[in-house]
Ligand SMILES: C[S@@+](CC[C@H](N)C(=O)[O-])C[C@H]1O[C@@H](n2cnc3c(N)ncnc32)[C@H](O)[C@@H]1O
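Next up is one chain by itself, shown in C-alpha cells, the form predicted on its own.
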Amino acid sequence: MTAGLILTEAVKRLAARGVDEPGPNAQWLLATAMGVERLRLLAEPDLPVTPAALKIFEQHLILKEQGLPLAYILGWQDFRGLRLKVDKRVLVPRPETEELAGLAADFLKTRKGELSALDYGAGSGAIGLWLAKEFPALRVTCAEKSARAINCAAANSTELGLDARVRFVRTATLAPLKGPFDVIVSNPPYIPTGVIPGLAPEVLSEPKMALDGGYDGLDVAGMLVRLAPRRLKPGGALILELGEAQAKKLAALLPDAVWKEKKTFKDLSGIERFVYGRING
C-alpha cells in the first residue's frame, strides 16, 4: 500500500463523516503513524506504508471518525512555535488564542521594569508559557480551576524549561491572586450553557469546564472585569478572548472611572473577539 492510495481512501471516509478539513487530518494521522514529515507524503505519494504503520493509522482514523480532536489523537498542539502536550484534560488551543497571546505580548513591550503576567484559565498553559518564552525576565502565574489541567500545564512548563519563572495556582476566581500584574490575559469559558449541547462532536470531546460560560457566556469574564483592577499594576491591562457579539457587551461593563482605555479588536476572521482594558495610573 502506498501513502497516496491510503490518503485518498481516508479522506473519503472522513468527509463522509462530516469531518472538517479531511485532507490535512488524514495527512497528519498518516505522517505520525509512519514517523515522517507530513509534507513528505504529498511530495512522495508512492511512499510505501508498513503494516505496523497502517495498523496505527487505522486506529487513529477511527478515533477521528468518532469526532475526537486531532490534537488529542496526536497528543500535541503547536502554539506560536511551541509544541505543547494536550489531551482530554485541557482545551485544544485555537488560532484565535494565538492572536490573544500576541496582543498580550504587544502590551508587555510597552512596559518597563520587572514584568509579571497572569494567564487565567490557563488550560495547557499555552498563553502563559509562550509569553514566558518571549520575555526571558517575565514572571508568569498560570491560574486554573481544574487540577487535571494544571498537571498538564506544569508538564509543559517543565518540558520547556520554564519552571523557574512560572508558577501554578488552582483557583476558581481571582480572589487569592494578589499580584500585582502588568497584564491579566484570559481565554475564559464563554459559550452560553444552552448552546453547548448543539456543538460539534469534536468540541464536545473537550472539558465542559473550559467551555461553559454560564447563561450568557460571560460569567467568568464578568468576574475578571470586577476583580482585575485591584490586581493590576498602575496602567496595567486586562485582555480577554470572547465569542461573537460578546466583546462589545463586555467592554460596556468596564467603568470609565476605573479604566483609562477600553477597546475591542477583531480576529483574523473579522469577528469582534478581543476586549482590551487598561486601568488608570
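No experiment lies behind these values; they were computed from the predicted model shown. Residue positions are given as counts along the sequence shown, with the first one as 1.
Although it is not shown, the form predicted in complex with the ligand is what the next lines describe.
Asker: Heavy atoms within 4.5 Å of the ligand in the predicted bound form: which of the stretches 105-113, 68-76, 155-163, 118-126 has them?
Answerer: Comparing against the ligand in the predicted bound form, the contact stretch is 118-126.
Asker: Considering non-hydrogen atoms and a 4.5 Å limit, does the ligand approach Ser146 in the predicted bound form?
Answerer: Within the cut-off, so yes.
Asker: Spell out, yes or no, whether the shortest heavy atom distance between Pro188 and the ligand in the predicted bound form is within 4.5 Å.
Answerer: Residue-level check for Pro188: yes, a contact with the ligand.
Asker: Is Val203 close enough to the ligand in the predicted bound form to count, meaning some heavy atom within 4.5 Å?
Answerer: Judged by the heavy-atom cut-off of 4.5 Å, Val203 is well away from the ligand in the predicted bound form.
Asker: Report yes if any heavy atom of Ala132 sits within 4.5 Å of a heavy atom of the ligand in the predicted bound form; otherwise report no.
Answerer: Close contact is absent here: in the predicted bound form, Ala132 is far from the ligand, nothing within 4.5 Å, heavy atoms only.
Asker: Report whether all of Pro93, Thr171 and Val220 sit within 4.5 Å of the ligand in the predicted bound form, measuring from non-hydrogen atoms.
Answerer: Per the other structure, all of Pro93, Thr171 and Val220 touch the ligand.
Asker: Between 209-247 and the ligand in the predicted bound form, list the residues on our side with a heavy atom within 4.5 Å.
Answerer: Heavy-atom contacts to the ligand in the predicted bound form: Met209, Ala210, Val220.
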